[in-house]
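Given as structure tokens, the chain that follows is alone and in the form predicted on its own.
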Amino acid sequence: MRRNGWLNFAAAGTTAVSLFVLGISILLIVNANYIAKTVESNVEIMVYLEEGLKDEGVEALRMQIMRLPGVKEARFISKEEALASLERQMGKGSQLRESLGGTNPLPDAYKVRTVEPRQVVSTAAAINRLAGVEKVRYGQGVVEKLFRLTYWVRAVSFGVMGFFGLCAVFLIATTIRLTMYARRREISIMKYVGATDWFVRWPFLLEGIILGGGGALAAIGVLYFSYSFLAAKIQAALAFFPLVNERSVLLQLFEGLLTAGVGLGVIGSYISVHRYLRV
């Protein structure tokens, strides 16, 4: 490795750059999926009850809703609570109650959440058929478009990740092949004096592990500090914007990149050496 310092540096650098670009694409995909999941999880069903429904009927309706498949939670919102919430949204000095003449036109309601966001449409249709329900709202039309948008976001994200992954494999394999080409005479001489295939392979496989692992560690270091810096800046400017900051998720990503670097180094070395063993 000392005698071929520049070639080894090029191989490790190519590995680092390739895995860095792949890591960026994976982080973008993880964050895109996280944002899509966060948006989907906020989809709720508002179930407005018929006027004059007694307490027994309200509780019976809640039990019916909870028995429906996919329902996670059904929280009762009284008309007084709904009016107080509307007052807070309109701000101080709105004089909402005075403008309504002391009456409360809002109905009692249930706020329903489903286990899976995509169950909202079917669950809302089932709730709408129950006795005691006046109206069901869940953002009809908008929710369906939202689900289509998040589907395409995920599909495009995985396509981008696959493209950058193939580019990384191609660049790393090409660079390792160049290092093997520079040593083709050494390999031929070792074979002519009786060295076995595995005797020739092992040093190159170990070199592939070192170069691949070193390049991966360099990519992980740059990726960690750059992502931490950008995430902190974005969170400071847009506190409501959801970003992945869980250490477990980032640790899994970095472990995957390290494993990919070592694996690509080994595979690239094995394939490249195999070509020059036939003398």
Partner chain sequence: MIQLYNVSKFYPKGIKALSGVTLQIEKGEFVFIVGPSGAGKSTLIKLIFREELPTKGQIYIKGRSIVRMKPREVPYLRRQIGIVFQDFRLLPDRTVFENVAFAMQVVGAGRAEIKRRVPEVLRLAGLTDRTQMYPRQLSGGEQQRVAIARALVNKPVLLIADEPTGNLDLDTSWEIINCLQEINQRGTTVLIATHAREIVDTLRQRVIALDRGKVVRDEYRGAYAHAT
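Worth saying up front: this structure is predicted, and the values here are computed from it rather than measured. Residue numbers count along the first chain shown, from 1.
The same protein has a further form, the form predicted together with the partner chain, not shown here; the description that follows concerns it.
query: Though only this chain appears here, would Glu186 touch the partner chain in the model of the complex if you measure heavy atom gaps against 4.5 Å?
result: Residue-level check for Glu186: yes, a contact with the partner chain.
- request: Considering only heavy atoms, tell me if Lys191 and the partner chain come within 4.5 Å of each other in the model of the complex.
  value: Within the cut-off, so yes.
task: Classify Phe170 as contacting or not contacting the partner chain in the model of the complex by the rule of any non-hydrogen atom within 4.5 angstroms, answering yes or no.
output: Output for Phe170 is no: heavy atoms all beyond 4.5 Å of the partner chain.
query: Quick one: does Leu86 come within 4.5 Å of the partner chain in the model of the complex, counting heavy atoms only?
result: Although the partner chain is absent here, Leu86 would stay clear of it in the model of the complex, with no heavy atoms inside 4.5 Å.
task: Please pick, from Ala195, Leu146, Leu178, Val153, the one residue with any non-hydrogen atom lying within 4.5 angstroms of the partner chain in the model of the complex.
output: Looking at Ala195, Leu146, Leu178, Val153 one by one, just Ala195 meets the 4.5 Å heavy-atom criterion.
task: Report the stretch among 78-86, 196-204, 118-126, 155-163 that approaches the partner chain in the model of the complex to within 4.5 Å, counting heavy atoms only.
output: Comparing against the partner chain in the model of the complex, the contact stretch is 196-204.
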